[in-house]
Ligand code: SAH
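A single chain, nothing else alongside it, follows as structure tokens in the form predicted on its own.
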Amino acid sequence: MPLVFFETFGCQMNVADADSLAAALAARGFTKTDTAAAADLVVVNTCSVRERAEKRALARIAELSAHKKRGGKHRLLWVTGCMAQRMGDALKRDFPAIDLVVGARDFERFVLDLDSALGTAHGGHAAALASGVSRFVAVMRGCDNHCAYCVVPQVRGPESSVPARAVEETVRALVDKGVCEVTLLGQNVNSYRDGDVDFPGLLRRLHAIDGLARIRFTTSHPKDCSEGLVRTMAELPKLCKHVHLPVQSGSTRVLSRMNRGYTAKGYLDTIDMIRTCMPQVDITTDVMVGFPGESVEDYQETLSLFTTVRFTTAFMFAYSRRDNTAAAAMPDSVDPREKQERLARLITLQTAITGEIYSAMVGRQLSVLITGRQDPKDGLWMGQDMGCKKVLAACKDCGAGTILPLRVARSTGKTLIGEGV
């Protein structure tokens, strides 16, 4: 049987795309391998959101290309995703060993017409390839928000929602294969719409599926995070109490330059609404420092917002210039060294907050979904609570897919250590 190797960079949407392609390839006789050297087909799934992600992907493509030229086993090298969309045929020009470039906008059509790319006549399309107990499911693609720093609308196109019936069928197929938790993906899941089915309506339909234990979703846009959505989360027991709500900056002036569509006060009001409905909720975020024109005062407002909100965790970055975005033409760029200093200070602040939140969990009882072993040698199992907290547990009766009541014995600051109740 032919072997396929995936190297995926970037967000959960890229992971979901890789899963979709893996399913279609599995229906055609391919088996996944953990080593590129052993593969007949290597797929590099790329990201363009930050320059660093592109540089890592390009370095990997160069390495794989060189291996192929030296007579490496894999006969096919495909490059997919957002960087493939942005750079297009220039990738094949720079790396002649690449056999196929598929941009993010063409990905779904490519998967449906995979036989043409493979040059085979095998029929059938797998609805989903279940490996594990927790899976990503894309419910919408593209973005209409046009934030000043972001290339997603360019590389993934306008918003398009997957029909609710198709989402239900996919989730049912996953549950039939042993999956008990799904994470619904979209650049802005809040704006999901299929006829008269909005995102809260979709959540209710999925909640009714027998055998599905937990539902998560990401990402929510602050300007569209409605009270109706939050009340639906609070009401439905299968909905995990975790909201990922990217703030990007604590300065209203910077948010306006970013074209984010909300103010710092509006963001804080949304946080208050979420916590009123779900007091035990985990709230996480994305933020960048050093956006063009960000002053010391703007940066201080970001620090202040983090101190006020006390996010459970945060993804923190220095601004990365992306060509053909509105921000790329903005003056007043922050000095690179200053960016890194601001980022380091913010990371220190958030790390301390995360440690305090995790330490406060010691002694509490949690419902933990076991997802797999950390390392077969140490006997520890990995899991996640109904929020976003990672849990390790030493137990004999564990198994992937088991939901256990565990008491938090201690915290490492980033992980909770649980013991059986």
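Owing to the predicted nature of the structure, the values given are computational and were not obtained by experimental measurement. One rule holds for the numbers: they count along the sequence shown, beginning at 1.
Just so it is clear, the following notes concern the form predicted in complex with the named molecule, a form of the same protein that is not shown.
Although the partner is absent here, Asp94 lies well away from the named molecule in the predicted complex, with no heavy atom inside 4.5 Å.
The closest heavy atom approach of Phe311 to the named molecule in the predicted complex falls outside 4.5 Å. In the predicted complex, the named molecule sits beyond 4.5 Å of every heavy atom of Gly266. Though the partner is left out of this view, Thr252 does not reach within 4.5 Å of the named molecule in the predicted complex, counting heavy atoms only. Residue-level contacts in the predicted complex: of Val287, Met330, Leu303, Leu212, one residue has a heavy atom within 4.5 Å of the named molecule, and it is Val287.
Note on contacts: among Thr183, Thr351, Thr219, Ser191, the single residue with a heavy atom within 4.5 Å of the named molecule in the predicted complex is Thr219. Of the candidate stretches 342 to 350, 242 to 250, 173 to 181, 294 to 302, only 242 to 250 contains residues with a heavy atom within 4.5 Å of the named molecule in the predicted complex. Contacts between stretch 45 to 62 and the named molecule, counted in the predicted complex as any heavy atom lying within 4.5 Å, involve Val49, Arg50, listed in sequence order.
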